[in-house]
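In structure tokens, one chain follows: the form predicted alone.
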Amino acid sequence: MPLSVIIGAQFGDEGKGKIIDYLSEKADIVVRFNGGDNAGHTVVVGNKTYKLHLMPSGAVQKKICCLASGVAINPKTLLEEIELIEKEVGKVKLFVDPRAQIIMPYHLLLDGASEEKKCKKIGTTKKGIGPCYADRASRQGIRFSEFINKNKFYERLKEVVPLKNLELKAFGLKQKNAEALFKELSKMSYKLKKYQMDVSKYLHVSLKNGKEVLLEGAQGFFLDNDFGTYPYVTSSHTGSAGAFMSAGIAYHECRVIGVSKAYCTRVGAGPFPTEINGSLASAIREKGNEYGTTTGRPRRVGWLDLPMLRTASRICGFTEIALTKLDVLSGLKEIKVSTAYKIGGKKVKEVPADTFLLEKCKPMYVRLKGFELSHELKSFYDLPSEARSYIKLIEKNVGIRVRMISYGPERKQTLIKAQE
């Protein structure tokens, strides 16, 4: 199919970067459709590791990359990543939609101050993402097209900065000066000007001409602003419907690949029914290098949660699952999988819409015998029988086949499971 959508099926950090990099080999265009530099995708090629926060993972494969209208752009981060790719890989082929929002310095200040004042900490990365999207909704945001237009950018700063200063003052923060901001950011806007393109129209034409397009999501589905564990969510839409809207393309017949770890992790606050603690959690965290790409924060660790996968699959329309980090479970004597929850004695097979109820869920586990993985795997049937049983349990419970299996960080450590 010419269009593939890659969605994180959990709380983010599922290994989407590797899956996108792997699929990019046969793609023409890779599109980031949401989020900002609060997300991090890690791509490992040989002895090189690329940690990207805004540039689509396809940049490592020298593909045409697009930042769609739904992306919040920190211009400093974007310029740093362009420089990194051009130094390590080659010339960047990048298009940025004029509708994308710009993260301003005051957004970072307001993000940090707001988090500190909350009774319930959300666990924000303090990268200014929430305030940037809030400004978009309240029509105070500055779009990429305005940012790269010298005169328009100055006009918008004169309009918006007095409003932002009211917020900064309320938090006891130093207020901003429009002229100083203009001087600080103008050089960046000039450098980024050449990348503007109506990404929506470009993708429409490309798909009509038979080009292979990947839509790359940031964060995971359960951080979606509507369907995630609200209020412990991000400020954009992380599901497949959000991908189409943010990229500005009509629904197409496509692959929708739900990326899931063989276990589960979460960064920041919020409900996590299958969370584990103690020495086992520490061992999994260390073996899986479960520390945030963007923040370096240790991730919370838990067993695989199949009610989450069922819910994400139903809403996003997964056509297949990419299972990552199977190798991290290698060596455990026993593996647990949550196949359902109990709420007040009632069995529930999907994530409840009410976050308060989710906090009361008790996972119902199936216990499986552990397995040992060899590094010389060429097909699904090279996996130990216990690992194959684990994967088949996922398929049976979710009703979606596992097509890709990642058992290490490198491209070659990926198995494609044939349809049975």
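Counting begins at 1, following the sequence as shown. Please read all numbers here as calculations on a predicted model, not as lab measurements.
One more form of this protein exists, namely the form predicted together with a small molecule; it is left out here, but the text below deals with it.
In plain terms, the part of the chain that comes close to the small molecule in the model of the complex, with a heavy atom within 4.5 Å, is 37-45 out of 358-366, 60-68, 372-380, 37-45. Residue contact with the small molecule in the model of the complex: residue 130 places a heavy atom within 4.5 Å of it. Put simply, residue 314 is far from the small molecule in the model of the complex: not one heavy atom of it is within 4.5 Å. By the criterion of a heavy atom within 4.5 Å, residue 268 is counted among the residues contacting the small molecule in the model of the complex.
Taking non-hydrogen atoms only, residue 103 never approaches the small molecule to within 4.5 angstroms in the model of the complex. For the candidate spot formed by 12, 223 and 234, every residue has a non-hydrogen atom within 4.5 angstroms of the small molecule in the model of the complex. Taking a 4.5 Å heavy atom cutoff to the small molecule in the model of the complex, the contact residue among 150, 87, 349, 297 is 297.
None of 206, 74, 338, 124 but one reaches within 4.5 angstroms of the small molecule in the model of the complex through a heavy atom, and that residue is 124.
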